[in-house]
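Just the one chain here, laid out as structure tokens, in the form predicted on its own.
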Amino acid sequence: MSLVLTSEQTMLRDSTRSLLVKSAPISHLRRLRDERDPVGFSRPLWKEFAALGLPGILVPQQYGGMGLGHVEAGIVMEELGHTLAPSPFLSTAVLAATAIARGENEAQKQEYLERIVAGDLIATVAIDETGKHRPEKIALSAARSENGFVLNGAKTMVLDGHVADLLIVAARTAGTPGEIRGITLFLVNGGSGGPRAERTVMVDSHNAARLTFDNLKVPGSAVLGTVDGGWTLLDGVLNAGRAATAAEMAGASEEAFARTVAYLKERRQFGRLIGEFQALQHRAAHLYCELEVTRAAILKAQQALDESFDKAGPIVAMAKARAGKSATLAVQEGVQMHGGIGMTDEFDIGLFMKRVRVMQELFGDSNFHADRLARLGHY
């Protein structure tokens, strides 16, 4: 398949870009940060997303969605990377929508997917329990009790977990941490009656939460997928999130690169534009090549998810690893080429560095995915 966007995908990119440039430029992120907004994103903007159908990109048409694929979801994520706009698109429209749509429970699809499409439901996944991404290390327990389960444990780095109406929680119903057998996914209500949530404002001014489950009872109907057999679904959902996160990093790195090149063309030193210095030209050219290769890898990973969802793990791992490396290079070069002023809050370039740092860790950093790719190849 060609590694270029179709005309329809280009139209989606342009309409999303137009919305974000108008309603959510970087000043939008600054305002939410400086006002210490309790939600952390704009609900009116999310409704604008819903008016364009964006929350339903991965939702099948029979539930009101657009029935598109991960390439299209990646297009939206990439545009979010350009403006750094805080949005529940990743948590709700990618992670949660993928989990529920592929969970093979018709009642759950009927109950939640249409609400996601309408922008009326904020949903997310709760997976990690330590400072690093280690999904197989799940220890949060789900013990059988009467006609349901009792959840005990804690989750960290739960995207939008402080405002989520619905949580998809990975818990252990059998086995021990480190085993993929015995993991079960549960649909748990957020807010009142749900787990205790502590909001975490991250270094990039986006939002996550720590969740504490203290003898939280859920009915048997809350199981998403099968008891003890949730790993396959969870792994697929994580791959969708990894590809989407890589796309956002691509957007952030390309925007940082564009801003840096513009600065090289206007900043003067020793009576010359600094962009005329060959050393900086070489660094910019190298970065451009890295970003182009990464863009191709990410698009290939998204296409793999659309063509063969369950077999896309290796290419997704490669794309996430490359995206982390090239995005880190892009923002570091951007700050360095801006000089000392690049370290100040006055210039936006530092905001891109902070966002990329968080995205690098989310769902596994470059080292995690390099190791994962080697293991998948039986090295």
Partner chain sequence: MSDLETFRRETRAWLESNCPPEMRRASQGESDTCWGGRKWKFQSDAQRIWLERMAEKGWTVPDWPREYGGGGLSHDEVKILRQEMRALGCRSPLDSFGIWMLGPALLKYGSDAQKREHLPKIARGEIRWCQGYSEPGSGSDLASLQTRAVDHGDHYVVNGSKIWTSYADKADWIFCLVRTDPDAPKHEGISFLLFDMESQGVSTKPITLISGASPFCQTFFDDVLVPKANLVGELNKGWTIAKYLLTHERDMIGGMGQTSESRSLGQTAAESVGLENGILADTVLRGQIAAYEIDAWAFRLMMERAGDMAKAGQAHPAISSLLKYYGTELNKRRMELVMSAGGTDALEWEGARTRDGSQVRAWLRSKANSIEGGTSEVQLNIVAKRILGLPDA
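Numbering follows the first chain given and starts at 1. Every value quoted in this text rests on a predicted model; they were computed, and no experiment measured them.
Here the subject shifts to the form predicted together with its partner chain, a form of this protein not shown in this document.
Chemist: Pick from 297, 223, 101, 197: which has a non-hydrogen atom within 4.5 Å of its partner chain in the predicted bound form?
Modeler: Flagged contact: 297.
Chemist: If you check 139, 118, 174, 293 against its partner chain in the predicted bound form, which one has a heavy atom within 4.5 Å?
Modeler: Here the answer is residue option 293.
Chemist: Is the gap between residue 285 and its partner chain in the predicted bound form 4.5 Å or less for some heavy atom pair?
Modeler: Flag for residue 285 set to yes.
Chemist: Evaluate residue 281 for contact with its partner chain in the predicted bound form, applying a 4.5 angstroms cut-off between non-hydrogen atoms, and reply yes or no.
Modeler: Yes - in the predicted bound form, heavy atoms of residue 281 and its partner chain come within 4.5 Å of each other.
Chemist: Report whether the minimum heavy atom distance between residue 264 and its partner chain in the predicted bound form is within 4.5 Å.
Modeler: Yes, residue 264 is a contact residue.
Chemist: Using 4.5 Å between non-hydrogen atoms, is residue 370 touching its partner chain in the predicted bound form?
Modeler: Contact check for residue 370: yes, within 4.5 Å of its partner chain in the predicted bound form.
Chemist: Give a yes or no on whether every one of 289, 314 and 325 sits within 4.5 angstroms of its partner chain in the predicted bound form by heavy atom.
Modeler: Every residue of the candidate spot has a heavy atom within 4.5 Å of its partner chain in the predicted bound form.
Chemist: Quick check for you: of 341 to 349, 315 to 323, 24 to 32, 41 to 49, which stretch puts a non-hydrogen atom within 4.5 Å of its partner chain in the predicted bound form?
Modeler: That would be stretch 315 to 323.
Chemist: Mind listing which residues of 334 to 350 have a heavy atom within 4.5 Å of its partner chain in the predicted bound form?
Modeler: Residues within 4.5 Å: none.
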